[in-house]
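Coming up are structure 1 and structure 2: the same protein chain in two forms, each one given alone as structure tokens.
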Structure 1
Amino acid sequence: MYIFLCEDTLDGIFTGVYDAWASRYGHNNVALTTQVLDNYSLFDEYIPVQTDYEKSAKVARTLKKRMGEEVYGELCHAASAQEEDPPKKHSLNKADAIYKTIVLALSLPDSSKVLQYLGEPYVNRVFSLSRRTGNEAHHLLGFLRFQELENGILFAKISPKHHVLPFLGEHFSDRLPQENFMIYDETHHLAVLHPKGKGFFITDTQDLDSEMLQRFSSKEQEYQKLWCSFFENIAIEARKNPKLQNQNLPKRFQKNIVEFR
């Protein structure tokens, strides 16, 4: 078996897909993984993958063209998922599941139908990983809170399990095109930056000016207060139900939400 070791990022995995495909070892003889292995098997050959944005973009283009936006979106979600740590027994590594799903898709008369083959374990894995990322991203579309800094920039901090930042960047760029905003992912040490009127980009956060992020605009406090009192007033006393509240809005999100602090 030839095992391609890829970086645990969307581009890393797509580069792995490109290399594995181009290697011509035959689909049955290759596997992909994003895991850092501490046990190498003597019978396998390990091939480190050098993440290459051009290769990744080529893969992305092909996938979009052949499978459509929807399946492509699911594959991206799956690639951005954080896997169980330590990995569960028998659980397929996401890179391998993605590769095998792509192989199956391209062998079908209609590649866009690949996610219907839930009986296949690797398709199932892609489906469930994608659902995990998708759910968290969807939650954060609502649970993320911006605060207005002194310089007018809207700033939000999130602590997600999965790498949802690109999806949030896309959503909020469409929603707030005329704002300067920044979304800081403290789990992955990355941030979305969106300058007013332009597209967004993702950057690492080594030289984040943490002092600047503490200086809020003069109005910020006032709106937070208004919002918090709206939040308290909207609940119906006779139906009070903290358990349901915590079930719907899991505790791990609450620390970054102004009305729960």
Structure 2
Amino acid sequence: MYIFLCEDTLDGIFTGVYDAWASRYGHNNVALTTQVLDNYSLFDEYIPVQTDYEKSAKVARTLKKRMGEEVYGELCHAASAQEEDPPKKHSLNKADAIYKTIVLALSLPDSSKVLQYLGEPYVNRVFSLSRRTGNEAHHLLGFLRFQELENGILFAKISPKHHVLPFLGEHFSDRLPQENFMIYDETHHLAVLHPKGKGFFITDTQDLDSEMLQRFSSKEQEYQKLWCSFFENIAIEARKNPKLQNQNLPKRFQKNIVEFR
């Protein structure tokens, strides 16, 4: 077995898909993984994959053309999911599940129907991973709060389990095209940056000035006080139900929301 060791990113996995397909070893003889392996098999050959954005883009174009935007989006969500740590017993590595799903799709008369084959363990795995990422991204589209910093930049902090920044960046770039904004993912130490009137990009936050992110504009501070006062005053003491509130707004989202701090 030839095992391709990919970086745990969308581009890393798509590069692995490209290299595995181009290797000509045969689909049944290759596997992809994003996990750091503690034990290596003497009978397998391990091939490191260097992330290549050109190869990743070629895979993305092929998937969109052959499978359609919907299936492509599901694969992207699956690739962006955080795998269980430690992994569940018998669970398929997401990179291998994505690769095998792509192989199956391209063998079908209609590749856009591949996610209907939920009886296949790898397709089921892709569907499950995609749903997790999609659900979290959907929650954050409603729970994410921007705050205006002293320098006029709109800033939001999130603590997601999965790599949802690309999906949030795309959404808010469309909604706020004429704003300078930043979405900081403190879990993965990454941030979306969107300059006014341009596209967004994702960068690491190694040199992020944490003090600057605490300096809000005077207008922002005033609005926060007003909002918190409104939030407290509309509450009906006799109808407080923390358990129901936590169901509708999970606790892990609350720490980044003004009225819960």
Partner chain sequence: MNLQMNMDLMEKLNILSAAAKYDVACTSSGVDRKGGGKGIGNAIAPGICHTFSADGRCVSLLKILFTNECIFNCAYCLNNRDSDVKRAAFTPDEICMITMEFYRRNYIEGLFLSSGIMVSPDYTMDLIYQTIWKLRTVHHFHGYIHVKSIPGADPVLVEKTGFLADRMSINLELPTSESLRRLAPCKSRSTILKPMRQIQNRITDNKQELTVYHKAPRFVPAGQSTQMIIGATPENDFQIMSVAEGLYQKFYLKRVFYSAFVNVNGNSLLPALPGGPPLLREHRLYQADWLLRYYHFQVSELLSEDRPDFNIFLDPKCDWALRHLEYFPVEINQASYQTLLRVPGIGYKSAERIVKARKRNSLTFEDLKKMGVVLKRALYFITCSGKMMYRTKLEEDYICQNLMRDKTQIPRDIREGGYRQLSFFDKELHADFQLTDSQILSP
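It should be emphasised that the depicted structure is a prediction, and the values quoted were computed from it without experimental measurement. Residue 1 is the first residue of structure 1, and the numbers go on in sequence order from there. Between two forms, the rigid core is the largest collection of C-alphas that superpose within 1.5 Å.
Where the criterion is the form predicted together with its partner chain, structure 1 meets it and its counterpart does not. In this overlay on the rigid core, N241 has a C-alpha that sits 2 Å or more away from its partner position between structure 1 and structure 2.
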